[in-house]
Ligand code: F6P
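Read the single chain below, which is given as structure tokens and is the form predicted alone.
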Amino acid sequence: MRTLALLTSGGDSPGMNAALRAAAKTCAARGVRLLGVRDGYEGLIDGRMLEVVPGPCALLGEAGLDVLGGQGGTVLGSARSARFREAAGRAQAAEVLRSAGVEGLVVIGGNGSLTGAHALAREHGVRVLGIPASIDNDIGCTALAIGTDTALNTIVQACDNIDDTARAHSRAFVVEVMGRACGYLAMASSVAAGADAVLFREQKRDEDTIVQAVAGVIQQGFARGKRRVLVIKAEGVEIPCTRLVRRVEERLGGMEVRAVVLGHLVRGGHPSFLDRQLSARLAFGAVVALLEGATDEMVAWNTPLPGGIPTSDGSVKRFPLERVLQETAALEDGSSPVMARRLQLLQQVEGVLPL
């Protein structure tokens, strides 16, 4: 292969730029040209591509790739593409790649992005390799996706800051984090931040049950002499944070409870060491796999599932995109053994968190 292309799609994740840097350097070392696609699949349809090389380049300016790995977001940009959802849009994207001499495409993104990559491979024979990137960690076959670790660090730091003021005034806080279809961020951060309780969609609790549980945790915490009570809530729990707090206050007879919605703060920031390492190793694996003739696959990090195609990196395996998408759907509907293990672990510590 002489020319590859790379795009970032879906929600941005810290580490996407580190993956682009690693892919560009890997290509340069093998004498392969790399084109960066602007604004995801929408930019691909329009043919908005620039060459990415070590050193100064049109995309990155004089700083080039050197500073790219430490930047959050995605320098290539990302955008939703209604056109790409249509067969005609995918056909146009495939034609753009052929006209530009692109022989392989790296797609960095989440469920929707990988679904698009699978469609390009299946419908038009485009050689594609996916790299999982999602702060929600909701992609099948991989233990971690790009951006998850940084998002968790951001949440924990925010909760530490909230703890300071909560203890000063002896207050309770409900902190909402991202995670619409998957509660992983809430689950993992609740343990790391020392929360008293955690709420996530997969618990399948109705509103009244949630209000009762949160009020009970707050009441019991202060009765034991605690100076702060912290509840972490995933956005996938349908009751809005402000309404939850209002109903809890009413149940507690007017006791003041504060709500904090971290929102997109969770998505940004400089990628952590783990996300930079993860991104670089997955990008290397994806480029090498394409050059070796692989297609319609995703590179996965320390997979929690059996199988997968080994690579030269013991922590990286390749899985067919069809299996990845099936496992992703299973994570969302709760039928995945991975989700079952997560829920079992949280149930075991449920009585420990409030202490």
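So that there is no doubt, residue numbering starts at 1 and follows the sequence shown. No experiment lies behind these values; they were computed from the predicted model shown.
Here the subject shifts to the form predicted together with the ligand, a form of this protein not shown in this document.
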{"property": "Partner-proximal stretch of 251-259, 212-220, 81-89, 135-143 relative to the ligand in the model of the complex, 4.5 angstroms, heavy atom", "result": "135-143"}
{"property": "is_contact(R267, the ligand) in the model of the complex, heavy atom dist at most 4.5 Å", "result": "yes"}
{"property": "The ligand contact at G179 in the model of the complex, heavy atom, 4.5 Å", "result": "yes"}
{"property": "Interface membership of E235, the ligand in the model of the complex, 4.5 Å heavy atom rule", "result": "yes"}
{"property": "Within 4.5 Å of the ligand in the model of the complex: residues from 1-28 (heavy atom criterion)", "result": "G11"}
